[in-house]
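First comes one chain, alone, set out as structure tokens in the form predicted alone.
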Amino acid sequence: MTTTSDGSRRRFLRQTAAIGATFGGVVATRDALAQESPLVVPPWTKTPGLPLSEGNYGMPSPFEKNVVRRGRKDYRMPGSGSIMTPHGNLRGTITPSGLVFERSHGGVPEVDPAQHRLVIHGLVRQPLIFTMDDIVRFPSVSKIHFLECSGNTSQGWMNRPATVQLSHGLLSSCEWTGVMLSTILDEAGVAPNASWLIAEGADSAGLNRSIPIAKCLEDTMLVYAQNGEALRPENGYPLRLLLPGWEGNMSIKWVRRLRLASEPAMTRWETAMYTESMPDGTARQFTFVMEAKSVITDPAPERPLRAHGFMEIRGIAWSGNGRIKRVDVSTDGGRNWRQAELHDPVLNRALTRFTLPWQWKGEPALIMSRAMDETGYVQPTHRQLVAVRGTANRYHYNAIQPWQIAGDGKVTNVFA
């Protein structure tokens, strides 16, 4: 549960005695630096700065030039591949629009919003065609939710990716603005025998997925903006679906058609792809929900330890089943666990920050986090997950992520 501010203050006071010596060492170091280098006016203070960037889109500092999306291309189809969010270099729970992960199957179409149309047909009272002007006239909502590819962390079945970005980067969290899909469906009138909705995108891959009508009426959104601005082209401009907590491929980008039906369409995207092979030769299908997961982002391979003493272990946790209830952290490979502090806001199907104070004395350590959501589901270990589902999968890997810290502070991804 979320720790209150009073609880945080009491915890801080209890910890002060334990970490006082560490902070004292930091102060001493600062004093020594001040004596060695008397305070001088830096060169950037002596000259006028850059002019206002009127007419330009604001960009990060050039000193942050390495904080970019990285990933891989899938050369089986032009434009297919993925690029990943650099969580090891981010601080909060909202992903900047320019760093939101991208997964495309046929490249990014250049869609003219003035010509884009959304068609609703099938088992409805009246088929409808909407322009973008029509869509934005409906009552709007803004909600914060994570979006995660079903293949996020999937290399963990067999491999150990080198960084947080490569292991957990097919995950982002945004403020999404649009209209509830239930509002649009109410306009068309859903027939009593309609139990599925088949959504189709306008990209060259024609990605289409079957969605249970219950999810459409619960919390699915038709989104036209993220983080206060129009959707980026690679994230579905001018219109996409958003299914909070469900695997990302269900949130169809560049959505152009919604067909109501009495059964799923069994498209190639839900038969040949996005199904999971099980050890007994069967396959899991329609595994929509992204189950509870967490990852420590500091320390991590992108953030090695550079000094002994007090530090905060920091990370993020999320669950497609609802809110995060608790995160535990271990620094000894899972033998002992301590409850981390959850930072507000703890939202439904959104990233939640957690922190834990820690004293590192320079010894090797194996750190990991374990999330629990409000349903009581607990994030499993690698061994627990493999025991049930084998290693022939490509999707829905949500095991505990261990980081090995060496005596020199280097952090690596290991099996544990």
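One rule holds for the numbers: they count along the sequence shown, beginning at 1. As the structure is a computational prediction, the values presented were derived from the model and not from experiment.
Omitted from view is the form predicted in complex with a small molecule, to which the following refers.
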| query | finding |
| --- | --- |
| Contact flag, Gly178 vs the small molecule in the predicted complex, heavy atom cut 4.5 Å | no |
| In the predicted complex, Glu302 touching the small molecule (heavy atom, 4.5 Å) | no |
| Distance check, Pro238 to the small molecule in the predicted complex, heavy atom within 4.5 Å | no |
| The small molecule contact at Ser104 in the predicted complex, heavy atom, 4.5 Å | yes |
| Proximity to the small molecule in the predicted complex (heavy atom, within 4.5 Å), stretch among 286-294, 322-330, 120-128, 195-203 | 195-203 |
| In the predicted complex, the residue from Trp157, Tyr274, Tyr224, Phe310 that sits within 4.5 Å of the small molecule by heavy atoms | Tyr274 |
| Listed residue (Met84, Ile252, Ala317, Ala340) with a non-hydrogen atom within 4.5 angstroms of the small molecule in the predicted complex | Ile252 |
| The small molecule in the predicted complex: contacted by all of Ala188, Glu218 and Ala261, heavy atom 4.5 Å | no |
